[in-house]
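Form predicted alone, single chain, as structure tokens, below.
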């Protein structure tokens, strides 16, 4: 379909592909995998129900109503249904596109629209502005204001999502991006050279995690190049329906990283990795098919990359911990990376690995879902925490900042003792 051709009752700009909504056979294999269907039992809140809504709009049997908009944003976009679907229907991606349609049919009022445009079009694409915006939050912690506010319980008087957002905030450190050298040499015999895609949340909230990622990569024999001009991967924009801005920053990142002489483009953020691997589809109308395919071939999650290259275990010291692993949706379902993190964890000396029941079931984070739908997010999280507790693990390993935030907050709130760590933090424990 031409990008200017109108599809049924969708607008011509950023409409779903008719083939994508036509593929669904309504077999129901997706139903047991969908957290929102499990919560509500509503057909419209299932993957096949959402695709049916999109198809009805495409075939002019339904207008793009508030109900369609609601389901577009109520979808976690966890992609579990895609893994289960025998026909390859990508319901989550269809709903992502419907979010763009929702903003065209139901535009925000002036203040909300201005705020959304500032965050998505000004702040997120600007690493400097993004980093400066976190200074008040760091001062809030360092000056003891956070301690006073939490102990006063004043946050309980406001909206529930505000209390949760504040409670999820980890200990903040200065952003990592300005601290990293453009090139950090390999330790010992060099095995290759990689470009490091440092995600926004990672540099701002989990700087120490990404510091360990670079440390692990260099210890494993790889020179690490971190271009400072890199921008947000575009995942927040796709999540919130701003596909135009996503395309602009995707093109910037594509040109920047493809100009580097690297063997791979490595990221330690599952959400970033999924977005980067989707540039090929997001930018398909540019015609740069060979460049996009080459870029996609180079993008690797850090666990995917290390598993492919083979982990150098000589010199690793024992980490005598009981460990379990939560699979981020955008790693296992969106990227198909599932076995590799487990293999790396099990390769660390001293680890007592215990498999987590429903390891690939969503934790309920899903970008802004956990704040927009706090009750539903909590119910999904509770299911996850029960499974974590039953393992008896000391450490809960994951590989995505959204999961990290949600799980750490949930464990603390539930009074459970497990500590959440990124897989590169676990690997870092084994390095002298």
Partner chain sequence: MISKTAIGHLVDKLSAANVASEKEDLLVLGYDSTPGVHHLPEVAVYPTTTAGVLDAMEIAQHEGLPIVPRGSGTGLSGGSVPVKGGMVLCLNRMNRILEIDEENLTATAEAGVVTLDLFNATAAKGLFYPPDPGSQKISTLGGNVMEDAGGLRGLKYGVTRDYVMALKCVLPDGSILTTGGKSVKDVAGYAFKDLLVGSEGTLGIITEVTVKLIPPPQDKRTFLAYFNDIRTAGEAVSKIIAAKIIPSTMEIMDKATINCVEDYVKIGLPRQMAALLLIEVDGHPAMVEEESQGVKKILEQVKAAEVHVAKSVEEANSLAAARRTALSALARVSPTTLLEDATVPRSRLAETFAEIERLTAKYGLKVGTFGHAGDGNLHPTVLCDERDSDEMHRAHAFYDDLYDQVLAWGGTVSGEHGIGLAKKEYLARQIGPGGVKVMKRIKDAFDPKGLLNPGKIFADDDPCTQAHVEEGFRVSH
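Positions refer to the first chain, counted from 1. Predicted model, so just to flag it, every value in this text is computed and none were measured.
Same protein, other form: the form predicted in complex with its partner chain, not shown, and the subject of what follows.
- Annotated contact segment (heavy atom within 4.5 Å of its partner chain in the predicted complex): 87-95, selected among 87-95, 218-226, 188-196, 113-121.
- Shown alone here, residue 383 lies farther than 4.5 Å from its partner chain in the predicted complex, counting heavy atoms only.
- Contact between residue 52 and its partner chain in the predicted complex is found at the 4.5 Å heavy atom cutoff.
- Using a 4.5 angstroms limit between non-hydrogen atoms, residue 373 is distant from its partner chain in the predicted complex.
- When its partner chain is considered in the predicted complex, residue 83 lines it closely, a heavy atom lying within 4.5 Å.
- Although its partner chain is omitted here, in the predicted complex none of 257, 298 and 306 has a heavy atom within 4.5 Å of it.
- Taking a 4.5 Å heavy atom cutoff to its partner chain in the predicted complex, the contacting residues in 12-50 are 18, 19, 22, 23, 25, 26, 27, 28, 29, 31, 32, 37, 40, 41, 42, 43, 44, 48, 49.
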